[in-house]
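As structure tokens, one chain now follows by itself in the form predicted on its own.
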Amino acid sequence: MKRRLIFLAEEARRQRAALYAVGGCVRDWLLGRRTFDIDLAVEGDSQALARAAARLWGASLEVFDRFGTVCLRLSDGSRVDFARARAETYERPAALPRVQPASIHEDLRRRDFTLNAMARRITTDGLGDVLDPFGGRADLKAKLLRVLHPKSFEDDPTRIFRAARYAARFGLRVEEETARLIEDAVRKDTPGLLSRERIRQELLRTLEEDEPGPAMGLLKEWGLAKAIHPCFQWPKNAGQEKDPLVRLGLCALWMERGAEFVRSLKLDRAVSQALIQALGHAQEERSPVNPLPELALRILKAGLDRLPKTALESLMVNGEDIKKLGRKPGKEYSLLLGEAASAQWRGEFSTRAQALRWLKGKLACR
């Protein structure tokens, strides 16, 4: 990736733009960690440079006009974000910022933590020295997480979620004044001002961590769980799963009002439906009439490990079976099929032949 960036520097030179790697990638390079996501700040036309990069690398491109950013996704799975170096102002707590072009030094000043407020100039000769106006390198060495300015969490409460992730991921101690500012923001319920979409984004990013448990523990300790949902739970077994959506489903599975929580997140329709189906079958303790989505199956298998093997298979009997046994269509059909779904869930039969015998026995008693 660094070699690709150096090639891009020649295009930046032609456009008379200054190109910088910023934020998390600089931090990870200093830590000797591999990173697949690169953030670039441009003193110049970031969109023109991003389009040139897309042509050069054969990458797909997505433009976000509100902030003038462009996301490139490369064939190897890596991602490169281009943004105009900018300053930000916030009209009110938790509002999205208004942005205006600025220098790289002003761009670093607007960021969240010192460890993310570093940059390296990219030229045709390679990567330049680290720009570190706020002491991020020293904080990394001291394993300290330090916020940049006193209004940071008021301006953008999502930074509290990020603080939990960074502290857990890198084994950092939250600096004393930063901890006080987090406590103050939570006491004022500033995170409660965030939209559900932004809460969803931060929650999913936390669930994408290799080991989300420690970050979730910090969110609970700091009082952030209530911003996710008043009944939010982090079950211990959720961390054993790798898929963040399965982890999310397990959280909902062990919550009161889990379906309400899922709907509030405004997830992709197919994902939301799969989660709701999983919760419904767990609550009703009934096997499904039709095959469940793969995501729903994975959630139920992970969350309810003592289920009979056939509990999550499609119901083994249907209305035609009842009709062949001499019963006319009516309310009895739905009642019998409901009882059959509960019986299959409990493991009272595990083959179709056993299910038909069970059904004959039920009809004989009516």
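Note that the structure is predicted; figures quoted are calculated from it, not measured. Note that residue numbering begins at 1 and tracks the sequence as displayed.
Only in words, not in the display: the form predicted together with a small molecule, which the text now covers.
- Stretch 152 to 160 is the contacting one of 152 to 160, 127 to 135, 264 to 272, 233 to 241, since its residues have non-hydrogen atoms within 4.5 Å of the small molecule in the model of the complex.
- Among 120, 286, 111, 229, the residue placing a heavy atom within 4.5 Å of the small molecule in the model of the complex is 111.
- A single residue from the set 205, 220, 73, 98 has any heavy atom within 4.5 angstroms of the small molecule in the model of the complex; that residue is 205.
- The shortest heavy atom separation between residue 43 and the small molecule in the model of the complex exceeds 4.5 Å.
- Within 4.5 Å of some heavy atom of the small molecule in the model of the complex lies at least one heavy atom of residue 39.
- A residue is said to contact a partner when one of its heavy atoms sits within 4.5 Å of a partner heavy atom; residue 277 fails this definition for the small molecule in the model of the complex, lying far away.
- Using a 4.5 angstroms threshold between heavy atoms, residue 178 stays clear of the small molecule in the model of the complex.
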